[in-house]
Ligand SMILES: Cc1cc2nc3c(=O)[nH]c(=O)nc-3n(C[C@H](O)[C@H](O)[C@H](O)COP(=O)(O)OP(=O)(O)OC[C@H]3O[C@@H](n4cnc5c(N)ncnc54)[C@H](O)[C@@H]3O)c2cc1C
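Presented as structure tokens, the chain that follows is alone, the form predicted on its own.
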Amino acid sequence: MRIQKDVIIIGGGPAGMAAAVSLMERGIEDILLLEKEDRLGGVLCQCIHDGFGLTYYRKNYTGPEYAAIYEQKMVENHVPFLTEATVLSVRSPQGGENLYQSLVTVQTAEGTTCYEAKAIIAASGCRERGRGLAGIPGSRPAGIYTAGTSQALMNLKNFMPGRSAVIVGSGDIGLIMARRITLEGGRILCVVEKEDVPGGLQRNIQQCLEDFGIPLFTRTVVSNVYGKERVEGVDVESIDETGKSIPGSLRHYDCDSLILSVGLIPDEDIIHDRHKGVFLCGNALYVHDLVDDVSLEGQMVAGQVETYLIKLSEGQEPDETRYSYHGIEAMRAKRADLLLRKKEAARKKAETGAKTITCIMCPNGCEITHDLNGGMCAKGPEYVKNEILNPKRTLTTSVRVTGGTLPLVSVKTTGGIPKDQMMEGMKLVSELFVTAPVEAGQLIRKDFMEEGIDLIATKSVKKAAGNFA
């Protein structure tokens, strides 16, 4: 037996939730959202750092806080969804009614279910490139992780991937993990990037590397990995513009971990054949730099699906849908402009020798001189003043939970604490624990580090089943 739906959304991350909510708001209610994990939110659940919502909401949320916005919208709009539901395939049904363009096979704990849908929104996100795609030579010991895996282990499982690491690639996840591991007492020996400019946002380079004195080497690659049971060290070499090693540039680092942040690949393999009625959005279409753009695209694709369903119901021939959103070209142009600005800023800095400070108030990451020139808005000069006189940072980390469904709850300070006291703050955090249940926004420690700055939870953790404490 096949269950018929107007729309099936694959993926409960920011794109999928935004699309589902927008469909309900448009009056398209015969929908179902499918999420393979046991909770909504996608990768945001493990992204306990802040920096989300800066452009769309004009606020600085952590990943769990940003996800909670859309989870609440899902509840308010009564969006039907299933978790722990893995989509095995999406195919064009043979001999089915013309209205139902897609056959979706889903695996749950109860067994396999087949759905017929008029339209599919694939918001399944992306996956990380592994060592094989990175082309790193050497042995295959334990201790080699992708940045996202390291992030999930630390922020969800309370497992430290290593005590000393080299990071390959300067994507944002890798930069953020450099800071996270450092705050937890580990040591990042260096970050190597094969391109001539870093791949991550300038604000992340500032607050994740430069704040902690972590060296970043561009036009540099890992040329060998050592170790039998576990990583024991790596060689890195500088390369020229053709990708060839520069003689005499080899350096060796003793380490126990190698963390890969070498790019992301849109995850669209579940679409087994290309047919009408399939809409891709978010990172399943192309890899975005900002979650704000992912959410906006989810809303936009909902509008396309509405138009598609109207034409289908009127007997009109719908437009081709797979690449109906032309965001790919817009993103390429945006990234090209960002790369150009990075190179131009580096050139001017080298020519003038001017001392600049990177503003971290938004993703633009403006380079502002000490005499307050160079910013794109009024926030930049104000940030630089504070950075010179009394630099502060928001601390985002996690606290141990007893009796909960998760061993940790993500937390943040409600304001900035002195930058040079971040490690002292982490020492204080290590002495804390809370008992489940924990609610998002719950006060964990009042007047943390200084009066008026509190430490609060940024996600909810339920009490574990069978725990009557």
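Heads up: residue numbers just count along the shown sequence, starting at 1. Everything quoted here is computed from the prediction, not taken from an experiment.
A second form of this protein, the form predicted together with the named molecule, is not displayed here; the remarks below concern that form.
By the criterion of a heavy atom within 4.5 Å, V43 is counted among the residues contacting the named molecule in the predicted complex. Though the partner is left out of this view, K419 does not reach within 4.5 Å of the named molecule in the predicted complex, counting heavy atoms only.
For the chain shown alone, Q151 is a contact residue for the named molecule in the predicted complex, at least one non-hydrogen atom being within 4.5 angstroms. Put simply, A302 is far from the named molecule in the predicted complex: not one heavy atom of it is within 4.5 Å. For the candidate spot formed by G12, A15 and D50, every residue has a non-hydrogen atom within 4.5 angstroms of the named molecule in the predicted complex.
Partner proximity in the predicted complex, defined as non-hydrogen atoms within 4.5 angstroms of the named molecule, places exactly one of 407-415, 435-443, 420-428, 33-41 at the interface: 33-41.
This chain appears without its partner; in the predicted complex, the one residue of M74, I176, V278, L260 with a heavy atom within 4.5 Å of the named molecule is I176. Here is the short version: of C190, A85, L372, V221, the single residue with a heavy atom within 4.5 Å of the named molecule in the predicted complex is A85.
Scanning 102-123 for heavy atoms within 4.5 Å of the named molecule in the predicted complex gives just one residue, A123.
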